[in-house]
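Listed next as structure tokens is one chain, alone, in the form predicted on its own.
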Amino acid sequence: MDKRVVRRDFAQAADTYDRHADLQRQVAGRVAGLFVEYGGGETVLDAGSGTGLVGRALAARSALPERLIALDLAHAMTRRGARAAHPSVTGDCERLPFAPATLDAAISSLTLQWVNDLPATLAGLARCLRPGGTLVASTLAAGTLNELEGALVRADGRGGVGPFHNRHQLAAALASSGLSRPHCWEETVVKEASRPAEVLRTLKGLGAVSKDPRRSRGLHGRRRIQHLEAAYRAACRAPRGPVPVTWRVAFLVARKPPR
């Protein structure tokens, strides 16, 4: 995945992201709750912080750490998600700009699906944790947006959603990270959209459009949208009215072994 494309798409979506981030807010709240449940910490990295949804969820729980470091690949997101009196860094989760054993915890919500090397990314986060430190993360898993995938196959003869790791691949990556007591599980969240075109607009507003340079970008042409809408309805067997939007969310929790 070309990081320049990822950076550009999310930078362009910085102003529209929160308007479309219903699922993202929900999952950020789950990550914040797990962070509190698993012990918290004082110096915490929010890897892929975006517009700061996890920080807001922690603040709403009166659980904001003493030092929450917001890190995002897109500088426009870093600016929008920055919190007063807390550091923010524009940087790459796959090339963390932190010394080993400097973080009490690392949290990440719906970012890891955008990395090219998940095992190396998790190992990098593990290196930055102090002994006993905690990793709490969420990511999208295989099966996400299966209605849209089915529609793209019907319309184009090929899909274009993801690729997302399945639970076994995620669990294996977490187990190989050097962290102990790894836990990995999935939850299915089904949202509803008024029509298939709304699903496309939401993804565009989030910056979560296809990163495949071979695929045309954006919403192109009324006939194209009508064709894709019909294919979406056929894929999910909803000939009229609202349509389902399925998300498979994986949660990863583990600890750095104590000395």
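The first residue of the shown sequence is 1; numbering continues from there. None of the values given here were measured: they were computed from a predicted structure.
In what follows, reference is made to the form predicted together with a small molecule, a form of this protein that is not presented.
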Legend entry - Full three-residue contact with the small molecule in the predicted bound form, heavy atom 4.5 Å, for 74, 91 and 109: yes
Inset, instruction - Just one of 153 to 161, 74 to 82, 124 to 132, 181 to 189 has residues with a heavy atom within 4.5 Å of the small molecule in the predicted bound form, so point it out. - result: 74 to 82
Inset, instruction - Indicate whether residue 148 is a 4.5 Å heavy atom neighbour of the small molecule in the predicted bound form. - result: no
Inset, instruction - Although the small molecule is absent from this view, report whether residue 253 comes within 4.5 Å of it in the predicted bound form, heavy atoms only. - result: no
Legend entry - Contact flag, residue 196 vs the small molecule in the predicted bound form, heavy atom cut 4.5 Å: no
Legend entry - residue 53 within 4.5 Å of the small molecule in the predicted bound form, heavy atoms: yes
